[in-house]
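A lone chain, given as structure tokens: the form predicted alone.
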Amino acid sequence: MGLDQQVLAALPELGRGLLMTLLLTVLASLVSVVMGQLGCFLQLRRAWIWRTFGRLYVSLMRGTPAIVQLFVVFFTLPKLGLGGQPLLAAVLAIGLNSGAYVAEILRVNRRLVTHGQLEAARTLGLNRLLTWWYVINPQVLRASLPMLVNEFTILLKTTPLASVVALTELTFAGQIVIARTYEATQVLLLVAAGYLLIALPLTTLARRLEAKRRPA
């Protein structure tokens, strides 16, 4: 049984939704990495005030629903003169939410950096920020890659939340097509295939990275 003619005609519309989902995933992942590194860096500081900020960020993002965070960002942006920007709101909200999990992934792998390496960095005259950037960060990121790829796969599956702020990503595009064609099964199968098209390379990469880390 082939696709309904109306569904076939809507393929370009679903394709645009897929591209928007891909763009949202990439941009939110970049925000996630930046905020994750910042959150981890703050939690590892000696000064209690910085640790508090880092822990508060992680606890707030992990302890509240992502959809609530999206609404907060979406309705705050107009007060900053950035109203009518659903893509920006979705990128920030989803990226900030994922960044809290990235921060914890990086923090767990921080133990791979030995005390001797930190002492050597101090001997070379590196301050805390430069020590983080040149000594800690490269090692932690390398060790965290498999878990980060898995986190970005989860982030991808969070992107349908953007439909609540009227961003026409893949799921919202599918809903529009279903309302017009009444072919829910066919459309939803195409939507699922679109997500698999993005997710499968990520999951394959994660498995390969994990296999490389396992001892021979």
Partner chain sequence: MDWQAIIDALPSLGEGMAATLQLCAMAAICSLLWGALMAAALMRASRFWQRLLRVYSNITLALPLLVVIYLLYFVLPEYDITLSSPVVGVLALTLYYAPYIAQVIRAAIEALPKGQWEACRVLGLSRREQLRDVVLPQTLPQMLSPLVGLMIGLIKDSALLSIVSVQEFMYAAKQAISETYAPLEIYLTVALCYWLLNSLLDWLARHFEFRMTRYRRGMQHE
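Positions refer to the first chain, counted from 1. Here the structure is a predicted model, which is why all the values come from computation and not from measurement.
This next part talks about the form predicted in complex with the partner chain, which is not shown.
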(request) Look up in the model of the complex whether residue 37 has a non-hydrogen atom within 4.5 angstroms of the partner chain, and give yes or no. (result) no
(message) I'd like to know if residue 71 sits close to the partner chain in the model of the complex, meaning any non-hydrogen atom pair within 4.5 angstroms.
(response) yes
(message) Under a 4.5 Å heavy atom criterion, is residue 75 part of the interface with the partner chain in the model of the complex?
(response) yes
(message) Can you tell me if residue 54 lies within 4.5 angstroms of the partner chain in the model of the complex, counting non-hydrogen atoms only?
(response) no
(message) If the cut-off is 4.5 angstroms on heavy atoms, which of these, 175, 43, 29, 168, is the one near the partner chain in the model of the complex?
(response) 175
(request) Decide if the three candidate residues 65, 157 and 160 all line the partner chain in the model of the complex, where lining means a heavy atom within 4.5 Å. (result) yes
(request) Output the sequence-ordered list of residues from 188 to 202 with at least one heavy atom within 4.5 Å of the partner chain in the model of the complex. (result) 188, 189, 191, 192, 195, 196, 199, 200
